[in-house]
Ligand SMILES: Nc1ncnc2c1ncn2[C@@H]1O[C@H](COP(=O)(O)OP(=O)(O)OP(=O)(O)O)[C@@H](O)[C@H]1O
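Just one chain follows, in the form predicted alone, and it is written as structure tokens.
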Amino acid sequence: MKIISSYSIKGGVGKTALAVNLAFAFHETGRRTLLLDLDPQGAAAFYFRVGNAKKLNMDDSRTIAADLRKNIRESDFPGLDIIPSNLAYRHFDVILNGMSKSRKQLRKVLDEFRSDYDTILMDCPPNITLLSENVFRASDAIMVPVIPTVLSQRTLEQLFSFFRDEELSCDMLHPFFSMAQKINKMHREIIEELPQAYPGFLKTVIPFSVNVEKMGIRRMPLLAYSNNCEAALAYRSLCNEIISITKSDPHS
């Protein structure tokens, strides 16, 4: 089982669109896929027309896993399941802080799903909290959307700095360009220069696309309604890159 997270310190970078479309792309490959929506806003589940999760009993990793299992919802696409979010998730950090080994509890929770799924995708809140640290330690790969702008570049530097300070492996961080505009000179320059500083930068560039923005109207992944548009092809290319970089991962 592979655990892949869609994460960024900065909001508004295409994080949820990534999680939703990657989940669909992995499902297309025949992998049993679970999308876990950890963001209290619940946007990932919204795109799959799934309601909020019921409140979780967050006593320990076993009860959290049991309650998450109760909240699994089948999507309209067989083999792709969703665990929706809940506003109570905003208290996740408080609950985790009261547990022993508080930075490693999420991995224990997700191990309970190992026999049921080949891939778990997580849509994560845009901040660095105790829940984020659990995500970092639970993931086999962390996808980091980066808009080709100075502010987005700055938050990427902050994330790598945090990983080094906490002695986490930067090898699991895989930034890629998101919402890129070819006509924007600054975008082109950053796309050319930034990957030189980060060897793990993925090659696929997700373009800015009105088709992606329509996900909120259609309430389904882009890949389900605009199969061959440029952005859809880019998401599939990104999925293939992720499969390639995680196939020899020791967590399998």
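The model shown is predicted, which means the values in this text are computed figures rather than measured ones. Numbering starts at 1 and runs along the sequence shown.
What comes next is about the form predicted together with the ligand, which does not appear here.
A.B. asks: Quick one: does residue 208 come within 4.5 Å of the ligand in the predicted bound form, counting heavy atoms only?
C.D. replies: Yes, residue 208 lies within 4.5 Å of the ligand in the predicted bound form.
A.B. asks: Tell me, yes or no, whether residue 213 is in contact with the ligand in the predicted bound form, where a contact means a heavy atom of each within 4.5 Å.
C.D. replies: Within the cut-off, so yes.
A.B. asks: Report yes if any heavy atom of residue 10 sits within 4.5 Å of a heavy atom of the ligand in the predicted bound form; otherwise report no.
C.D. replies: So residue 10 counts as contacting the ligand.
A.B. asks: Does at least one non-hydrogen atom of residue 67 fall within 4.5 angstroms of the ligand in the predicted bound form?
C.D. replies: Although the ligand is absent here, residue 67 would stay clear of it in the predicted bound form, with no heavy atoms inside 4.5 Å.
A.B. asks: Judged by heavy atoms and a 4.5 Å cut-off, are 46, 74 and 79 together in contact with the ligand in the predicted bound form?
C.D. replies: No, because 46, 74 and 79 lack any heavy atom that approaches the ligand to within 4.5 Å in the predicted bound form.
A.B. asks: Which residue, 41, 52, 204, 226, is the contact with the ligand in the predicted bound form, using a 4.5 Å heavy atom cutoff?
C.D. replies: Checking each option against the ligand in the predicted bound form, the one that comes within 4.5 Å is 41.
A.B. asks: Report the residue, out of 179, 138, 130, 173, that has at least one non-hydrogen atom within 4.5 angstroms of the ligand in the predicted bound form.
C.D. replies: Contact with the ligand in the predicted bound form is made by 179 alone.
A.B. asks: What residues of 103-131, in sequence order, lie within 4.5 Å of the ligand in the predicted bound form by heavy atom?
C.D. replies: Residue within 4.5 Å: 126 only.
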